[in-house]
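So this first bit is one chain, no partners, the form predicted on its own, shown in structure tokens.
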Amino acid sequence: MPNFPLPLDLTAAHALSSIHSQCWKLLNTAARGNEAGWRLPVLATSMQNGCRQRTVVLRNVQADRASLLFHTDKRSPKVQQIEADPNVSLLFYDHDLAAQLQIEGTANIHQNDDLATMVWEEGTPASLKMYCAPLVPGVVCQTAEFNTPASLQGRIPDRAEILSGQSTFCVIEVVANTIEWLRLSRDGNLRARFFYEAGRLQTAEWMAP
């Protein structure tokens, strides 16, 4: 099984920088392809009496801003939770590379702005038709419910058919405050942490795995 690629000399001054760059390279790859291991992170948000986790789809990465984007229905409880407390956590694991990332950051909600429009236009009708859902996500139903208009069920619509969904579409942007990287290997595990300020890398350090 291949592992997360490492610099040849882990004692070199640039070793942590190389690992950091590789993390963002792999995140960018994950955002662009369905097969990548870091494509489906788990997002954790705070609630009044605990926390909530769910799988989201990584849609876009802006490494120069330490920014990660996914989209969701603005009626979703996660949006309300982020509005109440924007501190969130993302957990990524790539089985093939045996590599985990934990990203703690600040979430911002975008709707009807340039960023939301860009992500909407980049999305495919197959991934956007969910925003035409007539029911609020998470509402209790008396029977099994696909929550898709009957006219759109079982097929991929064209863009004109999903235009109404843009009114419930929003983008969640997470700007990293810290990234913790863990690489698992029979030869020995490795762990490091990276600190950011205003989307810029400030410091990096090795940690005991």
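Residues carry their position along the shown sequence, with the first being 1. Predicted model only: the values in this text are computed from it and were never measured.
Another form, the form predicted together with a small molecule, is not on view; read the next lines as being about it.
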{"query": "Answer option from 55, 151, 34, 48, heavy atom within 4.5 Å of the small molecule in the predicted complex", "finding": "55"}
{"query": "Location of the small molecule contact in the predicted complex, chosen stretch of 71 to 79, 89 to 97, 103 to 111, 116 to 124 [non-hydrogen atom, 4.5 Å]", "finding": "71 to 79"}
{"query": "4.5 Å heavy atom contact, residue 183 to the small molecule in the predicted complex", "finding": "no"}
{"query": "Exercise: residue 163 in contact with the small molecule in the predicted complex, heavy atom 4.5 Å", "finding": "no"}
{"query": "Residue 40: touches the small molecule in the predicted complex, heavy atom cutoff 4.5 angstroms", "finding": "yes"}
